[in-house]
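Following this are structure 1 and structure 2, which are two forms of one protein chain, each written alone as C-alpha cells.
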Structure 1
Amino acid sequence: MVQPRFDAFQAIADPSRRKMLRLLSKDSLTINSLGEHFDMSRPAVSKHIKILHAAGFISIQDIGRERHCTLKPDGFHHLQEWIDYFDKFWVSKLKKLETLLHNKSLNKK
C-alpha cells in the first residue's frame, strides 16, 4: 500500500482533527462514536477522518456495519522525519558557520 507522505502537518493543523487523534489515543472508536464528541455533521466528521487517514494517522477497519478508527504511527513518523531532517540541517549549517568564522579570524591575524 502506498503511504501518502505529504500533508501530515496540515492534517494536525486543525483543532478538530487534533481532538480526534487525542480521543483515538485513548481507544479505537467507530466513526459514529467519534462523531458524538463533535458538534458537526456526519459528512464533516467523515471528511476529517478521510484527511487523517490519507496522512497516515489512522487506519479504518470495517467490522460488521461499523467503521472502526485506530491510531496509526505512520503519520507521526512522517512528522518526526521532518524534524530530524531540520535537526541535521542546522547542525551541518552551524558547523559551516563555525569554520567560516574560524578562517576569518585567522586571516585577520
Structure 2
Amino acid sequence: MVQPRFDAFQAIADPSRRKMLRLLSKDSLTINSLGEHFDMSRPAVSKHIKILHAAGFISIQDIGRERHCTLKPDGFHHLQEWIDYFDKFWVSKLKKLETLLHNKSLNKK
C-alpha cells in the first residue's frame, strides 16, 4: 500500500505535531517516550508520527524492540523554500519603497 504524501504545512498544522518536532529537536526519542508528553492514546501518537514521517520531518529507525524518531531536514527544506520566496518578495518591495522615498526627499531639496 502506498503511503499518502503529506504537504509540509499540513504536517505542521497540528499543535501536537509541532510540539513533537520541538521535542525531537532536543534529542531522538522512541515513540513511547514521545507519547509520554501528550494526553492522547498510543494509536493517536503513532498517527501523528506517521504524518511527520510521510512529510519528511522525521526518520524512524528500529533499534531492538523500539522505534526511534529523529529529525530529518527534508520537510524543513520545503518550509524554508516557501519562506525564502516571500522573504525575497518583501525585500524587493521594501527596496522599491526605500528608493521611492529617497527620490522624493531629493526632489524636495
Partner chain sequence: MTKSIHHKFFLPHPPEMVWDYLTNAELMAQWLMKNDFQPIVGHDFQFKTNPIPSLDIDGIMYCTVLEIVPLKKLSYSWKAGPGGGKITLDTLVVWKLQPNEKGTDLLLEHSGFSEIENLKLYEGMTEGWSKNVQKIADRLNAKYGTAQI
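Just so we're on the same page, rigid core means the largest C-alpha set that superposes within 1.5 Å between forms. Numbers given to residues start at 1 and step along the sequence of structure 1. Here the structure is a predicted model, which is why all the values come from computation and not from measurement.
The form predicted in complex with its partner chain corresponds to structure 1, not structure 2.
With the core held fixed, Asp74 shows a CA shift below 2 Å between structure 1 and structure 2.
Positional change of Ala13 between structure 1 and structure 2 stays under 2 Å at the C-alpha, relative to the superposed core. Here the chain acts as two rigid units, and between structure 1 and structure 2 the smaller unit rotates by 30°. Core-based alignment between structure 1 and structure 2 gives a C-alpha movement of 15.5 Å at Leu101.
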